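As structure tokens, one chain now follows by itself in the form predicted on its own.
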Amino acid sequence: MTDIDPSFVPEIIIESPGRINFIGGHTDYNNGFVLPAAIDKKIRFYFRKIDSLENAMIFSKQYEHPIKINLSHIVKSDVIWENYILGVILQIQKLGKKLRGFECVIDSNLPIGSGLSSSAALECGMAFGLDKLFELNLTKTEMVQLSMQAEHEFVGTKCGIMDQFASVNGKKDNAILLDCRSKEYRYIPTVLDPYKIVLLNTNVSHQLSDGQYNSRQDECAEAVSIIQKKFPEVNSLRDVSLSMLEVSKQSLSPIHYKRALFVVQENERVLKSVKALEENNIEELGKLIYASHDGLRNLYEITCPELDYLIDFSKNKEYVMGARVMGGGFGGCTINLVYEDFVKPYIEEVSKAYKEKFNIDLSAFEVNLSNGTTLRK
């Protein structure tokens, strides 16, 4: 990291978490149901005001060069990670909120590009910090919305609302059942004992703004437009039932049918997963999580050989109750429910097998469910 002023003393410190998603892959931008949770892997932001009307500086301990910002002239950067921050600043300004000069130091133990939504944590932490630093009186809903909009406009990823919502609204030891259409939500107490949440990072990079992620949204929208010809009341795949989909099957291409079928089935799995958690039925939850991955592999087609290998490996282990790809796909992490006594030997065994298969080092770590973006006291 570029050296900063050794006398730097922050006025406020913000912690913004990554998130996991137990189930509900790619349903958020289809107005469906999701079941995410904030986690104890976080980005930390150290903010202070400076004596300037329009200059700001962002330092990151994970990147060599700082971001120098002219607040009166926000333009896109050629460096992708910078655009998450620049986009947030511009969206705040579009709300009519006044910013002035500031400095921010960013530090993170949240792996980038792993499907834990480091981008949303970056966006929401920046929005939350600027709100507190300059007393902007933004609501949590506004912070979630402007962070999502920043990613749409400045990064080019047409993400749904789940990642930002979970990062801001997370609650310790709870998952969130979020209805992405109404934005209604409720906390689901999540007791997994004696199982632990283990994330396996393939260390295969995924860049969602390269078109693959956005193309899935386009395919879903196209499916909706075809289904609407028979069912005009349909506005999104959230409105489609299995029977409606079967009636429309002959009009849909194989690709459109597969994408729609996955979303319809996944919404049902989310609601069944909530019921399983409420009944402390971890075995049923695990089955639903495995079924989600099968759908993401065969119907939505957003996995890759490395991800599928890890899931197939886990299916042979009685002490792994469920596993699936997490995040946008095409790389990143799998989420695994592993019996606590077997976490260490499982990680050792799967890491060795993965290295032999792909000659890639696997990163593995446990996570716990955490509170959302907060001002550190």
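This one's a predicted model, so the numbers in the text were calculated from it and none came from an experiment. Residue indices: 1-based, along the sequence shown.
Not pictured, yet referred to below: the form predicted in complex with a small molecule.
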Original post:
Is there a heavy atom of residue 159 lying 4.5 Å or less from a heavy atom of the small molecule in the predicted complex?
Top reply: yes
Original post:
Is residue 328 close enough to the small molecule in the predicted complex to count, meaning some heavy atom within 4.5 Å?
Top reply: yes
Original post:
Quick one: does residue 26 come within 4.5 Å of the small molecule in the predicted complex, counting heavy atoms only?
Top reply: yes
Subject >> Non-hydrogen atom contact residue 213 with the small molecule in the predicted complex at 4.5 angstroms >> reply: yes
Original post:
So which of 46 to 54, 304 to 312, 334 to 342, 320 to 328 is the stretch with heavy atoms within 4.5 Å of the small molecule in the predicted complex?
Top reply: 320 to 328
